[in-house]
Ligand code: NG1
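Just one chain follows, in the form predicted alone, and it is written as structure tokens.
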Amino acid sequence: MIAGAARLPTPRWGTVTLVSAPSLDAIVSAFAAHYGEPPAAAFHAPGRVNLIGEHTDYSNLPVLPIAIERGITVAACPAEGALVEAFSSNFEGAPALACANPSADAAIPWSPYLAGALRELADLAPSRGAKLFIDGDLPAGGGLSSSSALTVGVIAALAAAWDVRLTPEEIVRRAVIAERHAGVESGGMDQEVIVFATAGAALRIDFDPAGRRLVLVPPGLAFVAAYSGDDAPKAGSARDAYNERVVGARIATAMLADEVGLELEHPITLRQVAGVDVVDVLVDGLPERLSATEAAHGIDLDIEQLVRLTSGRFDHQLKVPVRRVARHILREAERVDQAEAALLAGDLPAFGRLLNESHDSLRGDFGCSTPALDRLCAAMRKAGAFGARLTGAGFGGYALAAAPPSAIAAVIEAAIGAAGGPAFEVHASGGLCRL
């Protein structure tokens, strides 16, 4: 453990007071008005802002996010039959899915997350029915992890309604796989911070070996989340661009391991080569773009290890970015270490510079920023932020600014002026809780 880092407490599942989420009374009333009976359980799952460590988690490299006070609340009660019905004040449509063999409704964009959650509970509660109500104040489609909050909340609420006991670790594991069923081969950062976050602290998450530790937010540091004006949905071209980079990171790993004679374990992740002394030099010798077919042929590797996805199979003939993806991910992992050290030392200007470097890398190497995100970050820096960067997968969505409290109003005003808003202060908040 790094000196000064707080030890991770056991998650508490008691009643909490939420700053901006709907009240429990309002949730119970809405549920009863729709279904004619009260819910058996209700959970609040927060959104998250990732401070630094973008696109590193699916390579089993570290991240440093916070949970925020905005989130998704899911209420549930058991029902006769084997159908799970859901309605929401946030999302359009009212899906009704068979629990044993759920099939998403193509006309309802959020139904794939419900279907994924049901798939991951099928072994525990086959042929069970339920009624769900989803509410909250977390913006969707912007990179604040509304899809993961929804998935975690649904799994927790259904398990409680069906009287199935799941540990927090089990909720995380099932939620990660459930969300991958929706088509994005994402890592486990969002689900882990949503479940394990603690108010007042960021959560340093390591994946190999697995570990978590709290990093207290120092005095004099505040955060703003600001929308760029560009949606960042986990579907269509954004989903494909994300998966391209996942496959590109696998190709880079396989080629680097082959170069140094390192035997890889499955799944293939950059974490396995990150400790090689000359990896920084070797990365610069990787091809700019390469297909999985070309990579597997050149190093005599089973191509399935490169292209297999939870929801299907990536196009093995499509050329994907390799060199720049690997360079960003490996250097971003180093920035997580540096950012944690800066927070522990209270060196806020250094922390801000690391955010700026991260954004520059996401724009220049990784290619997931947009002109709107670039303008937004520049405006918030000019207004007095220590630093600013896109947060989440990118390709649109939200940016994060770290600023002194005295500059928050100016940063929010500058963000709205640059992108039209919304922009708001966020605080490091607690994780998943039963209401």
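The first residue of the shown sequence is 1; numbering continues from there. Since the structure is predicted, the reported quantities are computational estimates derived from the model, not experimental observations.
FYI, the form predicted in complex with the named molecule isn't displayed, but the following is about it.
Three-residue candidate spot E179, V184 and Y242; every residue lies within 4.5 angstroms of the named molecule in the model of the complex by at least one non-hydrogen atom.
For the chain shown alone, A393 is a contact residue for the named molecule in the model of the complex, at least one non-hydrogen atom being within 4.5 angstroms.
Although the partner is absent here, Q272 lies well away from the named molecule in the model of the complex, with no heavy atom inside 4.5 Å. Contact between Y58 and the named molecule in the model of the complex is found at the 4.5 Å heavy atom cutoff. Although the partner is absent here, Q191 is a contact residue: one of its heavy atoms lies within 4.5 angstroms of the named molecule in the model of the complex.
For the candidate set S228, T73, S358, S148, a heavy atom within 4.5 Å of the named molecule in the model of the complex is found for exactly one residue, namely S148. Here the chain stands alone, but in the model of the complex its contact with the named molecule, taken as any heavy atom within 4.5 Å, falls in 48-56 among 405-413, 371-379, 31-39, 48-56.
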